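So this first bit is one chain, no partners, the form predicted on its own, shown in structure tokens.
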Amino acid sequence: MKPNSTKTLVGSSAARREDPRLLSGRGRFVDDMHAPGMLHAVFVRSAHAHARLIGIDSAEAQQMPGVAAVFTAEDLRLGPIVAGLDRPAKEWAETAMPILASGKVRFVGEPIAVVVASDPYAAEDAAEQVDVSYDPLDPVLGDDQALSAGAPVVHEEAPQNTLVDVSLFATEGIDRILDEAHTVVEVDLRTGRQNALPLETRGALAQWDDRSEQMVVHTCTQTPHQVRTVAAESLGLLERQVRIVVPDMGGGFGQKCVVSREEIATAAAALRLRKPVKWIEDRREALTAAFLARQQHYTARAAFSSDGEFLALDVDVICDMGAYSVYPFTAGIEPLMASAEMPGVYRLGAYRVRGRAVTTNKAPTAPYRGVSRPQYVLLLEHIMERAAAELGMTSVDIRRRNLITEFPYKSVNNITYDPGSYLESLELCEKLVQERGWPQMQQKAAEEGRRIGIGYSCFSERTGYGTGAFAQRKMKAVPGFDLAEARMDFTGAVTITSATINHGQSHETTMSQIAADVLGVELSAVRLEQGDTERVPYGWGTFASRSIVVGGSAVRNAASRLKEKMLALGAHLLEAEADQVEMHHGGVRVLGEPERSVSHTEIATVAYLQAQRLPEGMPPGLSESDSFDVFNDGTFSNATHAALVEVHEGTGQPEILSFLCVEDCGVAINPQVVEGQARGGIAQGIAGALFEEIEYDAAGHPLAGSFMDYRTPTAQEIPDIEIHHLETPCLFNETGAKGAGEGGTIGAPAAVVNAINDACRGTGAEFSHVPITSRDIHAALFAATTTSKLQEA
């Protein structure tokens, strides 16, 4: 595709450039990589949720064929991973996560030792022969137990099993508003523990390079520079002695944006043995020992006036963060996100929130696509449905009554919302629901004795978190900026580098679209390089829908600086004034005199091979770097979702018949890519609403070790999803783009749950938890029917 003067690449659905490679099996993932003399690592993992370690006997394992070494914490003596918040002791308890457990284990699957052998089978066999002696302790398996008097203590540094306890907002007079309100809705809502479940599990290949004196680690991480920082500290190396390289990556969804202890242990083993060592997580490890997310408990009261005005919200949110605090986000990632952003798209007069992170004997919690927003949006949208029912309003009218419509809007949570299309997206979604005949389908089903419900959810998604927003969380390691470089070689080809990491978002296409437009080159002339800490000095990777807003803006800034230099050099070669030339396709020309032009290759040839022709003072080469950061409150994408769900009364089976999405992510760099992000996110949201949950037995053993047990929806369970776009550009970046990576996941659970409750309306059955299983629905409908019959009798 070639740009022209009237049509830009930004905004076009250019074909994904990475697809031919990935779809034809030419992608290169960590497990595709090999090195001469490579050894394989397998971890010995805890069989207990909570126990003192009495002893580790690896003598028999070390004598087994092919085994190179067995390392324990005492052998490697690595520094722990420590994530910090700058908060007082009453709000924050700092704990350390050892690379290998020492003294105590805190969840089933925690790594205790690493076995290194000539092949993975020998390593697996030897790992089974490592004899670990435990003194079992009572485990802590839920927030109620964690906070109860006399509960076992997971960390001595947190005697109340509370890692974070913050009250960010408390509007003066909120108790009076709640006491005097016409209607007060009370909700107790719980969400299940989930696994982000990237298609590619975690893994690393580490080897020491004598020539560069570097530990080179190929690993599938969303944050390579943070892995480098932690690895250097833990291994006792200079930061320049660690190089992180990210090959193709098969998904992350947040699970890979925190530093894994296994990738550090693999590097430590390679450093000790001076041989390449590879570790690939198997699916059982991924389900039981990888980072998890989303287990939250909300207790809320919401006040409304007689005409439906949302007056006040009082919330206590408790997040079960598992055994350890993760780097760099800490155990505050979920409660701080929920507390800071909960008012969402609604005008709200008063707000009080208490957010807590409790520690339990489960695998630790990391960010997962949307971080807390699917949960608090589920809470808010549940409240809206309850209030509408009590006030005799429709579910659309009560939302319309309270949506933010004037921008910029300073909310009760001290966040300023930039312009969005909150009301417009709801009204378009409602119009589509009517045009698709959903109410008529619902009526016809009722006449036939079937149950069909319609559910809505409205939400926003703060994207483009910069240093300003993250600093408010008071993290010691503050994410925000990103760096980029744009370079043209003497053939006119352009290479851009970015600290963001593509793991399914199509950065190779979208970042190239941005650079190609700026430089006036064909899309095929641009190549993106990511994921090598030697190529980009520092950056914060890809998470929180930040890549296009922050990373894409850094790319645009770097390309713009390169453009300025090329214009200056072009003007010099054309003997024109700098302000009298312009970039056109493939070169620079004099304004109003198109015959006076010089091509990109001619400019590049002078820059690299004929430096004597450069203007005085201009350095040789065509390479420019720049950065981008955000110091305001960021930018907000928004959407409205609607679901049409049939509940089959005989079995309780919910069936999603149709799903509508009206989204606004500002200027869509590539609309087809945005739709792919929305569809994938909605599928994950449906998974959280109806299917996926990590459950434990009474001893703390996870019950799902394979996809036979962990219910992940397939294409069979995901409906056709109809997507419509609105466009309210971001005002603080040149592209106008807002983030689009997480929105689908945020709104889908609430729309599905509201549709199920609508289908069950009048029966007395109502659900305020996820996932909702067919067993839950069947039991609730059966109980409601039984109660009704008893009352009639």
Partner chain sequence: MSENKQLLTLQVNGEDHEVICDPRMTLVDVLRHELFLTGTHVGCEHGVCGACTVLVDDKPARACLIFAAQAEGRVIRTVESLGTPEELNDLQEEFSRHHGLQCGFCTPGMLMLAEGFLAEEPNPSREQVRECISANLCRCTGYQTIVDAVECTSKRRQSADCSGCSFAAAVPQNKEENQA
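Since this is a predicted model, take the numbers as computed values, not measurements. Numbering follows the first chain given and starts at 1.
What comes next is about the form predicted in complex with its partner chain, which is not displayed.
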Note: exactly one of 503, 399, 382, 600 sits with a heavy atom within 4.5 Å of its partner chain in the predicted complex, namely 503
In this chain shown alone, the residue from 610, 394, 524, 491 with a heavy atom within 4.5 Å of its partner chain in the predicted complex is 524
Its partner chain contact at residue 12 in the predicted complex, heavy atom, 4.5 Å: yes
Residue-level question: is residue 31 within 4.5 Å of its partner chain in the predicted complex, judged on heavy atoms? yes
- [ ] Tell me, yes or no, whether residue 23 is in contact with its partner chain in the predicted complex, where a contact means a heavy atom of each within 4.5 Å.
- [x] yes
Q | Contact test in the predicted complex: residue 376 vs its partner chain, heavy atoms, 4.5 Å | A | no
**Message:** If the criterion is a non-hydrogen atom within 4.5 angstroms, does every one of 300, 649 and 776 touch its partner chain in the predicted complex?
**Reply:** no
Counting only non-hydrogen atoms, the one stretch of 700 to 708, 553 to 561, 261 to 269, 355 to 363 within 4.5 angstroms of its partner chain in the predicted complex is 700 to 708
Contact check, 699 to 735 vs its partner chain in the predicted complex, heavy atom within 4.5 Å, ordered by sequence, gives 706, 707, 708, 712, 713, 714, 715, 716, 718, 719, 720, 721
